[in-house]
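Presented below, as structure tokens, is a lone chain in the form predicted alone.
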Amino acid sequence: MSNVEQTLSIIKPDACERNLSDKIKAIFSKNNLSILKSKKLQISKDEAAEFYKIHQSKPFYDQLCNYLSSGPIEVMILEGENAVTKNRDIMGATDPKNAKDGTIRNLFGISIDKNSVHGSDSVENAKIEIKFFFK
């Protein structure tokens, strides 16, 4: 039985600044994740706060919002077999130091904050996050 899902991926400011979008998109393609929609934009601190509101009780929340709104980002809808889990595997651990070899964060992440990419953590959140950026 096929389990085609959609997930949201964000190429964060640190990766956009270093012109890594094409390299990151190539990794998605190589792993059979299609990019259905993609757009570059810059969001406000308020929009970042709204986007990350599930983390608002965490100590890093404010830093996260400041960072996501600090420069251009690229948001994408990825689609494929088990897209949510597959994208999380491809991204690697949140902290690039702990990310497996060959994962996006291992290759391009600078720090736990500047880890180059965001991906939805569940099918439910993917729907919410996609709707946030692609109304």
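Keep in mind that this is a model prediction, so the values were computed, not measured. Heads up: residue numbers just count along the shown sequence, starting at 1.
The form predicted in complex with a small molecule exists for this protein as well; it is not shown, and the discussion that follows is about that form.
*Asks:* Check residue 27 for me: does it contact the small molecule in the predicted complex (non-hydrogen atoms, 4.5 angstroms)?
*Replies:* It does not: once the small molecule is placed as it appears in the predicted complex, residue 27 has no heavy atom within 4.5 Å of it.
*Asks:* Taking any heavy atom pair closer than or equal to 4.5 Å as contact, tell me whether residue 66 reaches the small molecule in the predicted complex.
*Replies:* Residue 66: no contact with the small molecule in the predicted complex.
*Asks:* Does any part of residue 55 reach within 4.5 Å of the small molecule in the predicted complex? Heavy atoms only, please.
*Replies:* Close contact exists here: in the predicted complex, residue 55 approaches the small molecule to within 4.5 Å, heavy atoms only.
*Asks:* Determine whether any heavy atom of residue 115 comes within 4.5 Å of a heavy atom of the small molecule in the predicted complex, and answer yes or no.
*Replies:* It does: once the small molecule is placed as it appears in the predicted complex, residue 115 has a heavy atom within 4.5 Å of it.
*Asks:* With the small molecule left out here, work out from 40-48, 27-35, 75-83, 55-63 which stretch has heavy atoms within 4.5 Å of it in the predicted complex.
*Replies:* Going by heavy atoms within 4.5 Å, the stretch is 55-63.
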